[in-house]
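Read the single chain below, which is given as C-alpha cells and is the form predicted alone.
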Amino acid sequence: MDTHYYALSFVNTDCKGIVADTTKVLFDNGFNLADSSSTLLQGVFSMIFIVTNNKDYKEQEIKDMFKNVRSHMEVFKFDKKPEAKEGCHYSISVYGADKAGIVHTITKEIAKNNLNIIDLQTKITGGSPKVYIMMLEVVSDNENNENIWQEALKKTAKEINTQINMKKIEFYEL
C-alpha cells in the first residue's frame, strides 16, 4: 500500500478542546500524525499537522471530514514524502526595542547567506520599555562557512540596534 502525505493547517480563536476535536477526526479516519506544531498568538490558536494515510484522499474530502471542527482549515497534498532539511542546525535569538523591520532585516540576511529557516517565533515583552524577541532555528548545509554568516548577522543586528546570539545545536542519539 502507498503512503499519502498531507499538511493540514487550522486557525481559530482560542477555546478549549480544539486539539482534542481535531485529532479525534484524524484518528477516526485512519490518519497517522507524523509531525505537528501549534501555538497561541494573541488569542488566535493555530495548528499545522503533517499526516499520512494509506488512502489517497482529495483535498476537499479531507476538508469535509472537519466540517464540525471549529477552525478555518487548509489542506495541502504532497506527491511524495516531504523531506526534512539536512545540515548543521543553529539557534539564533534577537532582542531589541520593538520597531518595524526587525524580522525582515534579519531574515533577509539569513536568506542572503543561504541558511534555511525551519522555525521562527516572535514575542513582545509586557514590560516598559517593550522588548521584541525573535527566536529562530536555521539549517546550514555548509558548516565551514559558519564564521562568515555569523559575522554578517552580527553586523546586521548592530545596524538595526538589536542584540543577537547564535549557537550550534548539538543532537545526541538516545
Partner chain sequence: MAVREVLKYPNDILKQYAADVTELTDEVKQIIQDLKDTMLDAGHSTGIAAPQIGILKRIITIDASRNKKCKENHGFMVMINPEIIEHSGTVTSREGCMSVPDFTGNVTRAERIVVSCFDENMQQTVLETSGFEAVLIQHETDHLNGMLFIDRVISKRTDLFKRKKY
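Positions refer to the first chain, counted from 1. In this text the structure is predicted, and so the values were computed from the model without any measurement.
Beyond what is shown, the protein has a form predicted in complex with its partner chain; the following relates to that form.
Undergrad: Using a 4.5 Å cut on heavy atoms, which of Ile117, Val69, Ala34, Val131 is close to its partner chain in the predicted bound form?
TA: Here the answer is residue option Ala34.
Undergrad: Of the residues Asn145, Gln121, Asn53, Thr105, which one places a heavy atom within 4.5 Å of its partner chain in the predicted bound form?
TA: The residue in contact is Gln121.
Undergrad: Counting only non-hydrogen atoms and a 4.5 angstroms cut-off, does Ala100 reach its partner chain in the predicted bound form?
TA: Contact with its partner chain, no.
Undergrad: Indicate whether Lys77 is a 4.5 Å heavy atom neighbour of its partner chain in the predicted bound form.
TA: Heavy-atom contact with its partner chain at 4.5 Å: absent for Lys77.
Undergrad: Answer yes if any heavy atom of Glu59 is within 4.5 Å of a heavy atom of its partner chain in the predicted bound form; otherwise answer no.
TA: Contact with its partner chain, no.
Undergrad: At 4.5 Å between heavy atoms, is Asp2 in contact with its partner chain in the predicted bound form?
TA: Asp2 lies outside the contact set for its partner chain.
Undergrad: So which of 59-67, 108-116, 136-144, 22-30 is the stretch with heavy atoms within 4.5 Å of its partner chain in the predicted bound form?
TA: One stretch meets the cut-off, namely 136-144.
Undergrad: Scan 1-15 and write down, in order along the chain, each residue with a heavy atom lying within 4.5 Å of its partner chain in the predicted bound form.
TA: Result: empty, none.
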